[in-house]
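Take a look at this one chain, the form predicted on its own, written out in structure tokens.
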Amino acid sequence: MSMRSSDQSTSQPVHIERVRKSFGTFTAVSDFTLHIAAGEFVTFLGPSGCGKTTTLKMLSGLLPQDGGEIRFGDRRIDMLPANKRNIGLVFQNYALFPHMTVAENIGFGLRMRHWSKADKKERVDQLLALVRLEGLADRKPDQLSGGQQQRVAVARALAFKPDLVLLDEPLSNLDAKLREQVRLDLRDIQREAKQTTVFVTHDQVEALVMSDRIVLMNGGHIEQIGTPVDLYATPATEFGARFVGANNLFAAKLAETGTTPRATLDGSSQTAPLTSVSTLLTEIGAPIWYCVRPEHIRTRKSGETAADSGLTTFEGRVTDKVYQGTTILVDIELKGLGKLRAERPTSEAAHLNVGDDIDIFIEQAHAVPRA
């Protein structure tokens, strides 16, 4: 059952302009600017202490900002207390009322807003269907699985049709296997509800799987804003290249730009083609990191023949291999360049052994600035 179009969320676009927050001499968030479209799912991603939770608290009204503006549509809300901002919150521990049933938990905010009994029941029924918990309305939270409790918390946050829903690492208490399923459930619920949502996590996989856009944060500022593909395939900075996904980084210099960019790797006489270049790089000779994802590396034993013409080639030796089921991680020492890790299908790499001399073929490479 889907929610009728007339009952769908009336989410607003969110505009955050130059918001900042300090604690004494420590700057937690610096000049944070972001515009979120109505119905968009945006994730704040970064390590502990990067400012993502502080920004979430300023959005919710739980923490006052030191400067800047926050607007929902044309309405400025940063001067309002938390209970006047029309925001739905989902916390790490879900904060469900243990003495209430599923239906009562979902309808709690509606009761506080004095919805009629009939309207409240209709809305709760809609949300039970949306989060696929029909038939569980009369259960208490301790009779539910962790994933079911999480969906109740989301339904409660959506119940009163908020302008914005904030999710503060709501999957952190679930085991790894359940997280995989629940993150897909959350994504589907958000898309069905067309609800403007901000999600906070330090887990890059969650961010890549769930988001329309990701705001990558570091040290209180924004490193990059983009789609999951943007952040994974074309990181703007060294921090982004290292934080999002596994990456091999080699010191190099930018040798050519334009339609056929190339790099000269330190320790190698050859130039290597670049698939893409950070927008922050413009000058020939600039120091860069030559970034290669493990899955973009082909391997073959020295002396074997293969159709790898046109790809950048290096010589190396296998130093370790790790079986992962469908793939194998292969650690390699490259002549003159250092260590590299490749990830290849098991059918392709099973015959490689520690000590084998191999050839490396780079399928894709990206350049980011090197300080």
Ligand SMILES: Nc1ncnc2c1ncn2[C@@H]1O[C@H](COP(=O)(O)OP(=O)(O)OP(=O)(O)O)[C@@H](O)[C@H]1O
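Quick note: we count residues from 1 along the sequence shown, nothing fancier. Please read these numbers as outputs of a predicted model, since none were measured by experiment.
Omitted from view is the form predicted together with the ligand, to which the following refers.
A residue is said to contact a partner when one of its heavy atoms sits within 4.5 Å of a partner heavy atom; S48 meets this definition for the ligand in the predicted complex.
The ligand in the predicted complex comes within 4.5 Å of a heavy atom belonging to T54. By the criterion of a heavy atom within 4.5 Å, A28 is counted among the residues contacting the ligand in the predicted complex. Proximity of K253 to the ligand in the predicted complex: non-hydrogen atoms within 4.5 Å are absent; the residue sits far from the partner. The single contact residue among D163, D78, E169, E223, judged by any heavy atom lying within 4.5 Å of the ligand in the predicted complex, is E169. For the options R183, R213, H296, H202, the residue carrying a heavy atom within 4.5 angstroms of the ligand in the predicted complex is H202.
Checking 40 to 48, 329 to 337, 65 to 73, 315 to 323 against the ligand in the predicted complex, the stretch whose residues place heavy atoms within 4.5 Å of it is 40 to 48.
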